[in-house]
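Shown next as structure tokens: one chain only, the form predicted alone.
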């Protein structure tokens, strides 16, 4: 047995049409996993599946909203009909929303509460619901793994994105709590952990961190200043931790949050 092997494992990636999700999908497929992309952008999803298949990998796309239970149940039934099992789940869906951001010019006491709620809902329930629907099938394998996506925003105070920070902080506690509850009920048949990315350039934050000419905004400069590696992360730099958590190499690991942040959260700035 190869310790870090995920070959032939059926692994779902929610948010598979996003920037980080796309990196996850290509990496897992490249390691021989049977990857199921879940997302709402059908054109991107099908395009990515076509590219993977052209490269000799196995993948398919299921259109679903992670906040809609009926969508997820339909997706589960489709996956079980095709593969007969689900070995792993990567909860890549989430992120910041424009209405969940407080700009420096806005009054902190008149912030968009509904926008904050919407951002929290996406990040919290967009993770919890897929676990509720796919989790029982993953547990049946006897060696299943679930990987959530946390954030440095849950560990350090980062201005503007309150809804996102609260949502990811909730994911941290959910990961720990659910790990214990599942262990009490299923033993070591299914594990749940999270990855804590630092700052990566995505469609959602690119305009906040860089100017049109590629130079750093004031906010982007502050992030780089406080990141010991003095750069943003590359999506592929999350892959090592992801494969480790999905493989048998981490069989005795559950409820943990694995940081991939270039040292951001351990830096005092002094």
Ligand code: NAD
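Residue numbers count along the first chain shown, from 1. Keep in mind the model is a prediction, meaning the values are calculated, not measured.
This protein has a second form, the form predicted in complex with the ligand, left out of what is shown; the following refers to that one.
- Residue 94 belongs to the set of residues with a heavy atom inside 4.5 Å of the ligand in the model of the complex.
- Although the partner is absent from this view, residue 64 contacts the ligand in the model of the complex, with a non-hydrogen atom inside 4.5 angstroms.
- Residue contact check for residue 151: one or more of its heavy atoms lie within 4.5 Å of the ligand in the model of the complex.
- Interface membership of residue 120, defined by any non-hydrogen atom within 4.5 Å of the ligand in the model of the complex, is ruled out.
- Against the ligand in the model of the complex, the set 132, 144 and 255 makes no contact: no member has a heavy atom within 4.5 Å.
- Remark: of stretches 52-60, 213-221, 34-42, 239-247, the one touching the ligand in the model of the complex is 34-42 (heavy atom within 4.5 Å).
- Taking the ligand as positioned in the model of the complex, none of the residues of 97-120 brings a heavy atom within 4.5 Å of it.
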